[in-house]
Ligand code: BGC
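First, one chain by itself: the form predicted alone, in structure tokens.
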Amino acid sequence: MGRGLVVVGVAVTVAVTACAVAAVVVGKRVKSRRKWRRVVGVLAELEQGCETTVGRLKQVVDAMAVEMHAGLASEGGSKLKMLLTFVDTLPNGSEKGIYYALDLGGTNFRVLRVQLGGQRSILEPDVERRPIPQHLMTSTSEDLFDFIASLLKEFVEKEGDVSDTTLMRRRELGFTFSFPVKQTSVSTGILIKWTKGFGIEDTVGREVSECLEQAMARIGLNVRVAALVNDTVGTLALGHYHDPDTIAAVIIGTGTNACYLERTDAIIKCQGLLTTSGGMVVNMEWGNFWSSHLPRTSYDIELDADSPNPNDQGFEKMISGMYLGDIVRRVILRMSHEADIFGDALPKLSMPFILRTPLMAEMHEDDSPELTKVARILKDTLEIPDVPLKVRKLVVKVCDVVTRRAARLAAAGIVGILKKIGRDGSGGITGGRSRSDIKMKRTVVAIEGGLYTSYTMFREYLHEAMKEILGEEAAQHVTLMVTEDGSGVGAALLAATHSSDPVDNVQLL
């Protein structure tokens, strides 16, 4: 009898223990499921916040066109600066001769020699790239431009059989100067401020081309700055050289901007403007565009607050390569806070901009069954090892949501430009005609930048949105044409276009 009680007692104890273990296991599973639901909830919230329906995109299109009008009507009338470039003539393919370009946009600069043969032919340009020595970035204006001029002279002397006579021949230069400038003519502009690590105080407020020309004169180099441009205008020039239907240019890379050809009489803030062509290229500086219709999330708000320029460049922060990777990082960080899906200490995940957009794109486009590229990048860059496959799939989805929103908003921006100039098939911003009454002109938009050219998913989402907004029929008349090196070759082309002008074609009465 006693032995039987012992057996029963042991059995009960085992059963109780088994139940307890089962309860713990079930409890862990329930807790794990709750955590996973929270993580999935973060994704659902992101998808909702980044939603870009066709209706919403059309509201962004209208807002872009309205802001363009406002920026053309008065200085400071819009978030869009709508800067006059004084470029009223674009290359047409007939240009001939040897022209130079100087591209100064950061810690490196490039010099190019471009030979034009007419009939839209460009021989392979000669290019040299040089770093700007660190000390010259904060030295004096004379020191910086003397350094640039001396290297330009060395480059010119390599032109071929250069005798003293040919060295004295006046050459024409296109100067791409990617810093804030108030343009005063096609070839002149006053530096507003330095950016990108430069801090040469005595250049601010001075005429940039004059600084370069004086430096060249000091060493006997006879070169005239025929055009002072930014890289977006150079892209438009290069596009127009290859295709005369090119009326706008967009750069979507680390940063983003757009320019387009506007009728002179539409530039209300400059009533006395006269051009020989009746048109002028306007530099929109569209990175600063803003509208309440843009789908902004808490991650965008945090990124903006943490940036060196809060409440500035709002559109750029949602669509350009500088920021997309960091938006994804912020979402992943939030997921890790909601549920420890990556483990405990994650110091790298808290570091701003550690996840660069090219790495994000590589994860997004990983088509391997086990998402091995995603695993590698999470481990090597963010120091998160052994991430389960279902979590890796979640990371890819986050990349997709952020990229899709960016591409579709970029498409809306492009259509906004087309709407402003009546090339979207709707009759323009003030048009009341139906689509059937309008014969669409063939329209080409030149486009540059690694986000568009190298990121397949971004490009496909942008094309898809263009068709959705314009409609299948109108979209057939719009071509996005990739160009290469608008800041170099494009600047040389503008030098060629404006080289024979004894005076500027654009005047203010």
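Superpose the two forms; the largest set of C-alphas matching within 1.5 Å is the rigid core. Given the structure is predicted, the values throughout are model-derived calculations rather than measurements. Quick note: we count residues from 1 along the sequence shown, nothing fancier.
Not pictured, yet referred to below: the form predicted in complex with ligand BGC.
Trainee: Which is the contacting stretch out of 122-130, 231-239, 371-379, 403-411, given heavy atoms within 4.5 Å of ligand BGC in the predicted complex?
Mentor: Contact criterion met by 231-239 only.
Trainee: Is there any non-hydrogen atom of residue 255 lying within 4.5 Å of ligand BGC in the predicted complex?
Mentor: Yes, residue 255 sits close enough to ligand BGC in the predicted complex that at least one of its heavy atoms falls within 4.5 Å.
Trainee: Is residue 196 close enough to ligand BGC in the predicted complex to count, meaning some heavy atom within 4.5 Å?
Mentor: So residue 196 counts as contacting ligand BGC.
Trainee: Does the 4.5 Å heavy atom contact test between residue 290 and ligand BGC in the predicted complex come out positive?
Mentor: No, no contact at 4.5 Å.
Trainee: For residue 316, is any heavy atom within 4.5 Å of ligand BGC in the predicted complex, or not?
Mentor: Yes, residue 316 lies within 4.5 Å of ligand BGC in the predicted complex.
Trainee: Using a 4.5 Å heavy atom cut-off, which residue among 114, 251, 324, 282 comes into contact with ligand BGC in the predicted complex?
Mentor: Only one option qualifies, and that one is 251.
Trainee: Would you mind picking the one in 97, 422, 180, 295 that has a heavy atom within 4.5 Å of ligand BGC in the predicted complex?
Mentor: Of the candidates 97, 422, 180, 295, 180 is the one lying within 4.5 Å of ligand BGC in the predicted complex.
Trainee: Heavy atoms within 4.5 Å of ligand BGC in the predicted complex is the criterion; list the residues of 449-480 that meet it.
Mentor: Contacting residues: none.
Trainee: Look at residue 107 and decide if its Cα position differs by 2 Å or more between this form and the one not shown after superposing on the rigid core.
Mentor: It does shift by 2 Å or more.
Trainee: Would you tell me if residue 194 moves between this form and the one not shown by 2 Å or more at its C-alpha, with the rigid core held superposed?
Mentor: Yes, its C-alpha moves 2 Å or more.
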